[in-house]
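A lone chain, given as structure tokens: the form predicted alone.
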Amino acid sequence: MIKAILIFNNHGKPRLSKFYEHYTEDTEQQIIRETFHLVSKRDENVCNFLEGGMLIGGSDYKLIYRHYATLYFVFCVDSSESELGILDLIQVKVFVETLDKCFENVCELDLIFHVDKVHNILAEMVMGGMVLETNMNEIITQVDAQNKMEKSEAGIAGAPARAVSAVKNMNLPEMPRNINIGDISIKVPNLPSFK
């Protein structure tokens, strides 16, 4: 089972943290710092697996990570997970590749300014610490559907503001006193000017 997914930059600033077990906020911050110190001091030419820090479970847990440019992608997992399977999940065809497709060559700023979209991508892959989906095309399809739904909801939410703006820009010589729509007649009270 996956215990946590962490992304931080070369300076240890967290860019994404998702914990699948409850920790206090202070403990989460300590886990992030400890994980950064364990991972960042390793040479580039050593393997991408190491024992978890004391806060994340010690030798019962493993940190599986990949370093890309300015970002570390770290999965904290228990002994039931395959190290190579998780490394494959990070690098080959799933997480990083999906981020690259969604953001057209993902960079640290994408993770900062689109954190909600990154969490949506992650939620399509992993839920409750269990891997749900490894097919990148399926993940992208679901994320695109989510984006379309958000855009359509934004249109509905923005409708009142657009209606007020349209009324303000109507340039009516005077405010109508009665509005007739078919058999319905509405008397408009005296209102202050919109301008």
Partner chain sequence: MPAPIRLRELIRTIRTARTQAEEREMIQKECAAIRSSFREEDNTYRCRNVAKLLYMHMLGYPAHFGQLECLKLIASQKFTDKRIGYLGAMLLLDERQDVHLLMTNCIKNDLNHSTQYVQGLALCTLGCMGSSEMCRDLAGEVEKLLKTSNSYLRKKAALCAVHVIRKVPELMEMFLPATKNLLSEKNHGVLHTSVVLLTEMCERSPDMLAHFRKNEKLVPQLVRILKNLIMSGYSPEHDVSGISDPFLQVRILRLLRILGKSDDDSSEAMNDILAQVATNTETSKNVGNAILYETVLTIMDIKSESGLRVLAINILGRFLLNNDKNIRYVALTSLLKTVQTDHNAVQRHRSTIVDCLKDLDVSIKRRAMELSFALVNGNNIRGMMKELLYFLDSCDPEFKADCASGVFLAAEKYAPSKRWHIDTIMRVLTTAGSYVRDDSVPNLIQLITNSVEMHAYTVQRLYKALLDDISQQPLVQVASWCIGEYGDLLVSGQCEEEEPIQVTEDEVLDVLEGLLVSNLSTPVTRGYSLTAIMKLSTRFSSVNRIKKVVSIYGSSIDVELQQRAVEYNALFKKYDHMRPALLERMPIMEKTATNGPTEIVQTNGETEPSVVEPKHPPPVTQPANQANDLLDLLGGNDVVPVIQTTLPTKPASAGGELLDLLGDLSLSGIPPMIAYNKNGLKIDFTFERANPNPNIAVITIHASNTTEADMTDFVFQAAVPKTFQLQLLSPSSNVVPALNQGTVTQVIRVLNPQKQQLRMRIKLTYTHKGSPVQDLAEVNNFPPQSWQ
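Positions refer to the first chain, counted from 1. What you see is a predicted model; the values in this text were computed from it and never measured.
Keep in mind the form predicted in complex with its partner chain is missing from the figure; the text below concerns it.
A.B. asks: Taking heavy atoms and a 4.5 Å cut-off, does Thr70 contact its partner chain in the predicted bound form?
C.D. replies: Contact with its partner chain, no.
A.B. asks: With a 4.5 Å heavy atom cut-off, would you call His114 a contact of its partner chain in the predicted bound form?
C.D. replies: Within the cut-off, so yes.
A.B. asks: Taking the shortest heavy atom distance, is Gln146 within 4.5 Å of its partner chain in the predicted bound form?
C.D. replies: Because a heavy atom of Gln146 falls inside 4.5 Å of its partner chain in the predicted bound form, the answer is yes.
A.B. asks: Would Asn105 show up as a contact with its partner chain in the predicted bound form if we use heavy atoms at 4.5 Å?
C.D. replies: No - in the predicted bound form, heavy atoms of Asn105 and its partner chain never come within 4.5 Å of each other.
A.B. asks: Which residues, if any, of 1 to 36 lie within 4.5 Å of its partner chain in the predicted bound form when only heavy atoms count?
C.D. replies: Contacting residues: Met1, Lys13, Pro14, Arg15, Leu16, Ser17, Lys18, Tyr20, His22, Tyr23, Thr24, Glu25, Glu28, Gln29.
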